[in-house]
Each structure stands twice: as structure tokens, then as C-alpha cells.
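This document starts with one chain, in the form predicted on its own, laid out as C-alpha cells.
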């Protein structure tokens, strides 16, 4: 079962271009069927753990794919959001050309993210990361207009810098440990301790994956790349990509390979608070709806990293729960922005208004997403932020708790700005006769809005904690990987 998460999207990424020249509907059908299959596999993996040895070679010689509570959580987030994005793409991507190339690149990106989440080998982590990254570079530029090409160029340059940091770090790690297997590296570090070259490798990893996660001050590429991309790709980039190849890998390396220390936890806390504050403040002044959502992604990733940086059981639960919640409501908000742009041709909020009257489903689901990301009860974002705040108080970091609450109010302010200028008020001239968006664009927005409520219900009743959040937190809290 484990290698299917990589093999299925990788195989279909090659098959779709081969059959699409004669069958025009093939990209839509095959792309969505692939994501349905991957989503079903991800849900079926709940509660399962295991190691798949590629080619039958045992650890530490061979290449491992590892399934544990943390990788299951990320697999569900990646593939559920991916399914919502492909459903939305059926009608939305008619605005663009060459659907088969789009779906092929999309599935390459999904295969890369699934591979990063599952791999137990450092060099293969780099390979999968590059598959996901290079695909995302091309998808950001998919419109081939000036804005898209400029954003993709900046994204490519800074992404390549991050990849260089990671590759150099892997080289230092291999030179000092003689292995690329994460479990074997963790065993050596646990028994022999950290040397100066390994400390340097760790610093390179922090810079490289900090860039991939768009943590401040490594965030410069994100505000351009996410607005320029097609809406389903914006949803994937903000919803899951920066977490799968950024936050997840940082957490995995720090907690399970190098071993977490008080200094590293403090570094994570400061990176989280800095991202939370800077991203939120920069979002306030934005009038491009997708650019505003992009800056808010930086702020929300800060909450996740803050929770992880607390290092307590409650902090880990809060950070991982917010990771899943952000995947849901941020993907929803970017799909809402895509629906608005699809119907009106505008992203400038000053030129919009009153869309609740002509696009009620988009307006209703956007309100759900806005309230969820702002942390308004009873939506899912409230509970994950509450857990993070309580974890800050529990561990004695009262200033961090106050900062988290204040930035949640800031988030509420700019989300109300979106609602005020885009969906409420009087309908602007020329916007009163818009056609309703197609059903396949409405369906994923409705599903994600329901999940914003459903995830809150599950945490209130405690149903998802033993199934998803607790096993993921235990995987981090368990310390070093074992052979």
C-alpha cells in the first residue's frame, strides 16, 4: 500500500499526455480519478504504521518508505485538498490552455509531496522535494502572462537557493555519518552526539526548509507566487505544499533525526511569532484578494511553528491540528478567490462588492473560511488556536499567548475587510448579471466549508484526537527514529 502513494500519481502523470490528444475529456477524468484513489488510500491508512523496503533491501542499506501517525496526517491533508483542487479545475482551467499538461504537472507535484511525507532516506527526500518544487514552478507560470512569469522566476530562483542549502546539508550529513537513511543517522547522532559539521548541516537545513515553508525572513517568494498561480494551484501551494516540503520536514528532522533541544525549540518559537506578526501586519494593507490570502498564509504557518516550538504534548497537538485546519480553510479561501475571479475577472477588492447577492454559495463558504481562519467559534480554527494559546499559558509563555490572541484579532480585521468589500454592500455596476459558477467548482468549496465545521465537531467530541492528531503528535514526541 505505501508505495502506491507515489507510484499511482507518478504513473498517471505520464499516462495522461499519452491518451489526451485523442480523448479530450481524458485529463479531467483521469486526473480526478487518480485523486479519488489517493484520497481513499490516505483515509484507509488511518491507524496503520509500517515500513516498506524498496527492492527488499533492509535498513540501513536500502531505501525506506515509512508510514506513521505524522505521515498519515500529512497524506490525508495533501490528497483531500488535492481532490478538491482537481474537482475545481475541471471548469476553472478552461480559462487556460493545455489541460493535459496541467494535470500531468499537478500529479507530479502530488507524487513529490507524498514521497517527501513517506520517505525515510535523505537523498530521496531531496529528489521528491525537487519533483514537487519544479512542478510547482511550472504551474505558477501556467498562465504565461507577465505577472505569472515574473512570480515563477522569483519562486524558481529562491526555491533553487533553498534546494542548494538542502543538498549541501545532505552532503555534510553523509560525510559525517556515512549513511543517508534517517533512522541510521538518528541512531548515530543519539549514540555519538552532534559534531560541528552536523551542526552546520542542521543550520543549512533550517535555512533551506525555512525557505520552502516561507517562514519570515525567508518569505519573499510567496506573496508573488501564490496570487499569480491558477486558483487550484494557489490552494495547493498555501494549503499543503509549504507544509509538506517545509514545515513537515523541519519537524521531522528536528524531532526525529537530530533530536530536539531547548535552543532549537526557542528558535522555532521565535520563527513562529515573527512569521505570525509580520505576515498578519502585511496582509492588512493588501487590496488584491489572493495576495492578502498569501500573506495570511505566512501568519498562519507561524501559529503552526509556534505550537511545535513549545515542545509540550499540548503544543504539538495544537500545532498539528492547526496544520490540518489551515489546509482546509486556506484552500477554501483560495478557491473562493478563484470563483470570484472566474465570474468577474477581478481580484482588486475595491472594484468588487455585493457578490453575496449574485454568488450566494461563494459568499457563504467564504464567510465560513474567513471566520475559521480568524479563530471564531465554533469553526475549526478557533479550537486549534485555543489549544496553542493554552499550551503557551501552560508552559509559562504568557507573552506568546497574548501575541497569538492579538494576531487572531488582526486576522479577523482583514478577513472582515474581504467580506465587506467583496461580498457585502451594494452590487457594483456590471456585476449584477453574473452567471453562477459551474457545479464542479461549487462542490469542492461546499465540501471544504463543511470540513471547517466537521473538524471542529470532531475535536469537541474527541473523535479525531485518537485517530489523527494524537498519533501524529506521538510520532514527533517519540524522539529519534529507530532502525
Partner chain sequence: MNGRSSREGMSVIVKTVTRWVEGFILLYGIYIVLYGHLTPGGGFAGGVIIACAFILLTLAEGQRVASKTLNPAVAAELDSVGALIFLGVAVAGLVVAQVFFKNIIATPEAAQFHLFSAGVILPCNIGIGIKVGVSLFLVFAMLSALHVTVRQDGKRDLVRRGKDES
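Residue numbers count along the first chain shown, from 1. Please read all numbers here as calculations on a predicted model, not as lab measurements.
Beyond what is shown, the protein has a form predicted together with its partner chain; the following relates to that form.
- Query: Which single stretch, out of 412-420, 66-74, 35-43, 50-58, brings residue heavy atoms within 4.5 Å of its partner chain in the predicted complex?
  - Reply: Within 4.5 Å of the partner lies stretch 50-58.
- Item | Of 10, 459, 469, 475, the one that lies within 4.5 Å of its partner chain in the predicted complex (heavy atoms) | Exactly one residue meets the criterion: 10.
- Going by a heavy atom distance of 4.5 Å, is residue 23 a contact of its partner chain in the predicted complex? Because no heavy atom of residue 23 falls inside 4.5 Å of its partner chain in the predicted complex, the answer is no.
- Task: May I ask you to state whether residue 146 is within 4.5 Å of its partner chain in the predicted complex, using heavy atom distances?
- Result: Flag for residue 146 set to yes.
- Within 4.5 Å of its partner chain in the predicted complex: residues from 3-27 (heavy atom criterion): Stretch hits, in order: 3, 4, 7, 10, 11, 14, 15, 17, 18, 21.
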